[in-house]
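Let's start with one chain on its own, the form predicted on its own, as C-alpha cells.
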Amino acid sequence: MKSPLILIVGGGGREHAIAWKLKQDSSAPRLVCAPGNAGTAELAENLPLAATDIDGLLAWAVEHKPYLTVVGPEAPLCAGLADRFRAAGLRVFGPDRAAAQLEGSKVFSKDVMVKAGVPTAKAESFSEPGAARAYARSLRPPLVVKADGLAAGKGVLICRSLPEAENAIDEAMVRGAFGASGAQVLVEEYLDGEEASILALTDGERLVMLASAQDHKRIFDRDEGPNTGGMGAYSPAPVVTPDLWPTIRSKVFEPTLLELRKRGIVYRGVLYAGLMLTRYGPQVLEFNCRFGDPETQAILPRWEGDILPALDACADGALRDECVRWVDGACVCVVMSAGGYPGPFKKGDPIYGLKDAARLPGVTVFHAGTRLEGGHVVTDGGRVLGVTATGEGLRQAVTRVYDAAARIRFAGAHYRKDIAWRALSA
C-alpha cells in the first residue's frame, strides 16, 4: 500500500495514542489530525477544524480523499459524521449515528440491553422530575441517576442516600447542569463490584475482543471525589479472569449486536462495554461507541504489529481474529490534570520536563489538553497529559510511569498516585 492518507478526528489523549500507533504501521501512513494537539503535531499535520465541525471536515475530506477516517470522540459520531462521510463515498472507522446512540442516549442503550437480554441494572427513564423522584423513593439507596445524553463523562451521579438522589434529579432536570442532555434521566439500581472496561472491534457481524483495562474515574486517590473523564487506566485488568471472557462475549457483545441488526442498525467500529463484575456475574453499566480515554493509552502500546489492517477490516466488513495480536506484559497510563479539574481550570501554563520523562525506558507521554504557543507546549484542557509506561509486569509499569510523571511540571498539576491499586493490592 502506498503511504495511505489517514484523517484522525479529535484532539485528546486517545487521538494522540491512535496517531502514535498508526505512525508505526508498516504502510507508513501520512496522518492528519483535526484538530489535534501539541503531541499529534509531532506525528501529523494538525488541521484547525473542530471534531464537531462536520461540514468543515467533510469538505476537507471530499477534496483530499483520505484512505480512511478514524473518528475518536463520541460527539461527532452521535451527530452523524460517519453517515455524512459514507454518503459521500468516504471510508470511515466508526459507527453511524443510529448505532452511536448506544452512547448518545442512556435510555436507548438501556432499551437495547433489556430487549437483548444483556445483564444490566434495573432502571426506569423519566422526562418529569416529580415522577423520577417518586421512583427513586421506591428504591433502596445507594442508587444511580444518569443524564440521558452526552455529558463528557460527568452525567452519572452515584447517590448514597435518597436526598442525594433527589438533588441529582433536580441538578439534571430542574437546574439544567447538563443542558439538554439532562432533560431526560435514568434512575437505576446501584451495582456493587469491581469495574472493568472491555472493548471489541466489530464490522457489524463479527467481533474481536481487545485486551481488558480498568479506568479510574474519580479525581482523588482511593476513588474519592467527583467523577472525571478518567484519571488513569491499566491493561490488562486481572479482575477479568480467563473464565469471564466467553461470558462477556456471549452475554454482552453478541446479543447487543444481534439486537441492533434486528433494528436495521449495522455497527462498525469499536464497541466499548463498561462492566461491573458483580457476585452474579458481569453486568453492563454503559456502552460507549468509541475507543475509551484513557483506556486506549493503556491498550494500544500492548497491540502487536500493524493496526491499520484491523481498522480497514471493520470498515470493509472483513474482520478476522488474526487482525489483532498482543504483546505480553502490562501498560499503565496516569493522567495529569490542570488544577481545579473537573471544575473550572486555567489554560496556557507552560509544561516542563516532557523530553526528560519520555527518555525513560518504556515511557510514552500522550498529550490531551495541550497546544503550542511560541514554540513551547502549554496546557489547553482539563486533562493535560497521559503519562504511559509499559513493563514486563504491572508493578514495573507502575514504577516506570510514576518516575516519569514526577519529572513533568506545570502550574497546578494534579495526578492520582494510586493507579492500578486494586490489582496491586489483590
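The first residue of the sequence shown is number 1, and the count goes up from there. Quick caveat: nothing in here was measured; it's all calculated off a predicted structure.
Keep in mind that the form predicted in complex with adenosine monophosphate (AMP) is not shown, yet the notes after this line are about it.
**Q** Determine which one of 78-86, 319-327, 234-242, 141-149 lies within 4.5 Å of adenosine monophosphate (AMP) in the predicted bound form, judging by heavy atom distances; exactly one does.
**A** Selected stretch: 141-149.
**Q** State yes only if every one of L201, R249 and R302 has a non-hydrogen atom within 4.5 Å of adenosine monophosphate (AMP) in the predicted bound form; otherwise state no.
**A** Checked in the predicted bound form: no contact with adenosine monophosphate (AMP) for any of the three.
**Q** Just checking whether E188 would be counted as a contact of adenosine monophosphate (AMP) in the predicted bound form - the rule being heavy atoms within 4.5 angstroms.
**A** Yes, E188 sits close enough to adenosine monophosphate (AMP) in the predicted bound form that at least one of its heavy atoms falls within 4.5 Å.
**Q** Using a 4.5 Å heavy atom cut-off, state whether D223 contacts adenosine monophosphate (AMP) in the predicted bound form.
**A** Contact check for D223: no, nothing within 4.5 Å of adenosine monophosphate (AMP) in the predicted bound form.
**Q** Whether L285 contacts adenosine monophosphate (AMP) in the predicted bound form should be assessed with a 4.5 Å heavy atom distance threshold; does it?
**A** L285: contacts adenosine monophosphate (AMP) in the predicted bound form.
**Q** Applying a 4.5 Å heavy atom distance criterion, does E166 contact adenosine monophosphate (AMP) in the predicted bound form?
**A** Close contact is absent here: in the predicted bound form, E166 is far from adenosine monophosphate (AMP), nothing within 4.5 Å, heavy atoms only.
**Q** With adenosine monophosphate (AMP) left out of view, choose which of L277, A98, V156, A315 has a non-hydrogen atom within 4.5 angstroms of it in the predicted bound form.
**A** For this set of options, the contacting one is V156.
**Q** Pick from I265, V107, A121, I219: which has a non-hydrogen atom within 4.5 Å of adenosine monophosphate (AMP) in the predicted bound form?
**A** Checking each option against adenosine monophosphate (AMP) in the predicted bound form, the one that comes within 4.5 Å is A121.
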